[in-house]
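First comes one chain, alone, set out as structure tokens in the form predicted alone.
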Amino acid sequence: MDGFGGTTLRIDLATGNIRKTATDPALAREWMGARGFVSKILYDEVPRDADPLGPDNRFIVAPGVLTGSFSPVGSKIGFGCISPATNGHADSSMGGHLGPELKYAGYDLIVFKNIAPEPQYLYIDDDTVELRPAGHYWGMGSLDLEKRMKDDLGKDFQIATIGPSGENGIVFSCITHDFGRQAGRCGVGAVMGSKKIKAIAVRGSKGLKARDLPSLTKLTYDIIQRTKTHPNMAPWQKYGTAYFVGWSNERGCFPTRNFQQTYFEDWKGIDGEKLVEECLISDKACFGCWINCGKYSKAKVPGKPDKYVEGPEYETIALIGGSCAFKSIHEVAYANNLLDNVGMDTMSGGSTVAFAMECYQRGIITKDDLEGHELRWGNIDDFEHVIDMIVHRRGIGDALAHGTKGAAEKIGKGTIHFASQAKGMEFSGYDTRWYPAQLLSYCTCDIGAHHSKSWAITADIELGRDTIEGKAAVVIYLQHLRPLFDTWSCCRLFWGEIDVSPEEHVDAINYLTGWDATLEECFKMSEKIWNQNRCHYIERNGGPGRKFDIAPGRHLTEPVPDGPAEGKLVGSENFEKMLDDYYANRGWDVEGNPTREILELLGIGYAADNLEKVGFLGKPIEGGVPAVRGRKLKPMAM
């Protein structure tokens, strides 16, 4: 198949059997790879009562249709499983070079099942595919292991690793590659660790065949020429995502002290300017990228060894820097390196520590719980100690290993009120009390709260931050568009920041594969994935769906205390109205359950049958499914 490696790997870890089959052209055409493959395989193959960390879960590695092509920047690869954080569909992507390398070795999809008897790693060198012992690597940090394996195997191998966090089942563990690229969300690293897979090492030399290489080349050339002078190019190249720290702070959505505040008074010490001035060593790019937004940095914290890290990115600065109240970019970068090496998502990891810091502030967690230590805002020693407790699940660290929702359920004492999460996954780096569309985005997201699936901050600004009118339709549009980039496996910054259109992405897909795909078809596919994931979640967790689309108490009942958003609050009444509007626009019933009409329209009537069996098929919509499910708006990408 043009544009694809051509082979699928099925690996039974219990027996060590590795089965190679030709990648199904019909599967590729319908689901396009990565997020699409993950959704279909999880829905079809994982028992609804399967333990996310047990043998019946699947661990899936899948590049997308554009991975390995040079337009528009097909650098990504997806990982999927049932999430130990949310007990629902999980897909998480990373950039770097692993995805293209896997396709160049000839592979489009890897599906692991069961659990290996001993730690192993997957070795791929073109046609050679082996499970190899990894006991001598077990316990190593993610960054340390990648260097060790490149020394052992060769520097031309692309390697993905987990750290001790993933080995120990911390529900927000990540997968690391290229010394700083992470598949961070949903706990995919914990599932990889539960399978006893320590790493994946790939070397490929086969390349990809494009159906119409001259047209693909011309499209790429034209895009490069047009975008290299785009006004957003210079700041993104200089600062990367750290460029957004001041922007968010000034607009009253920067999480501060565990989302107690939305403006950080010491933000200038942790913003992109400070990063470039004091920490930057060099820019760094993913495969085929001409933005080079990655920042390779050096952290210098007095009394501690110097550390090297890619980043910190905006989300890390927000959820470690602002939410834990660090005043120095060096401390943020040091903490970034620490979490990268133990194998924790810096977003959920930072938020979990910030949650614990607020518990300490309120006297709910004490020094007795912290092995005699304190847990003060902005203290790097306290941060480092509690992370070690979490990784090794000592004392209160065992509760925090479940993330903020799980920890709040174990600690009690009203702490769920200030756990900023949805469906068990922590909010990304934006407060929502002046941003109702973003609150709705988090609470309805199919994988749990994540800006990647629908970043609606600029939609709130454009339509008015004090109104809820029209927000639901915009959120749905974004929830169809943004996840397309995770299915295609290309970087969304090119769409959001330098105006590479979705139509150009579809053109690239057709030139690469010889398909006749349309943007309308791709949107329908994305909507199908979203609905299938919703059905899967309800089938696993019961229903109705509405009972899971819950906003944290703080974000509904506590007005912002100070800063640009002082006094702002969405409120419960407005939030419930937005949910009603959202469900109506999606073609779901008022309880948030998908209806047979919408599921059959999308070609997944089997999901309607399954929902009916468990008693949560949506009641028919009066007047039928709405003709337009979402409204187009062009916000920034983040």
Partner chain sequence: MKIKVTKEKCTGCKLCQQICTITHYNEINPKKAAIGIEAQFPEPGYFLPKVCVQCGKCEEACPVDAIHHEGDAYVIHKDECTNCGICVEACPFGVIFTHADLPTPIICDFCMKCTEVCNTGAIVVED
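Note that this is a predicted model, so its numbers are computed, not measured. Numbering follows the first chain given and starts at 1.
The next section is about a form of this same protein that is not shown, the form predicted in complex with the partner chain.
- Query: Any chance all of E101, L213 and C286 sit within 4.5 Å of the partner chain in the predicted complex, going by non-hydrogen atoms?
  - Reply: Per the other structure, all of E101, L213 and C286 touch the partner chain.
- Item | Interface stretch in the predicted complex with the partner chain - options 111-119, 437-445, 67-75, 346-354, non-hydrogen atom within 4.5 Å | Careful reading of the contacts points to 67-75.
- Task: Using a 4.5 Å heavy atom cut-off, state whether G545 contacts the partner chain in the predicted complex.
- Result: So G545 does not count as contacting the partner chain.
- So, in the predicted complex, is G204 in contact with the partner chain at a 4.5 angstroms heavy atom limit? Yes, G204 sits close enough to the partner chain in the predicted complex that at least one of its heavy atoms falls within 4.5 Å.
- Query: Taking heavy atoms and a 4.5 Å cut-off, does N292 contact the partner chain in the predicted complex?
  - Reply: Although the partner chain is absent here, N292 would touch it in the predicted complex, with heavy atoms inside 4.5 Å.
- Give a yes or no for R393: in the predicted complex, does one of its heavy atoms lie within 4.5 Å of a heavy atom belonging to the partner chain? No, no contact at 4.5 Å.
- Item | The unique member of Q237, N510, N541, N379 whose heavy atoms fall within 4.5 Å of the partner chain in the predicted complex | So the residue touching the partner chain in the predicted complex, by this definition, is Q237.
- Query: Can you pick the one in Y137, W515, Y308, Y123 that has a heavy atom within 4.5 Å of the partner chain in the predicted complex?
  - Reply: It is Y308 that has a heavy atom within 4.5 Å of the partner.
- Looking at the partner chain in the predicted complex, which residues in 171-194 have at least one heavy atom within 4.5 Å of it? Residue within 4.5 Å: F179 only.
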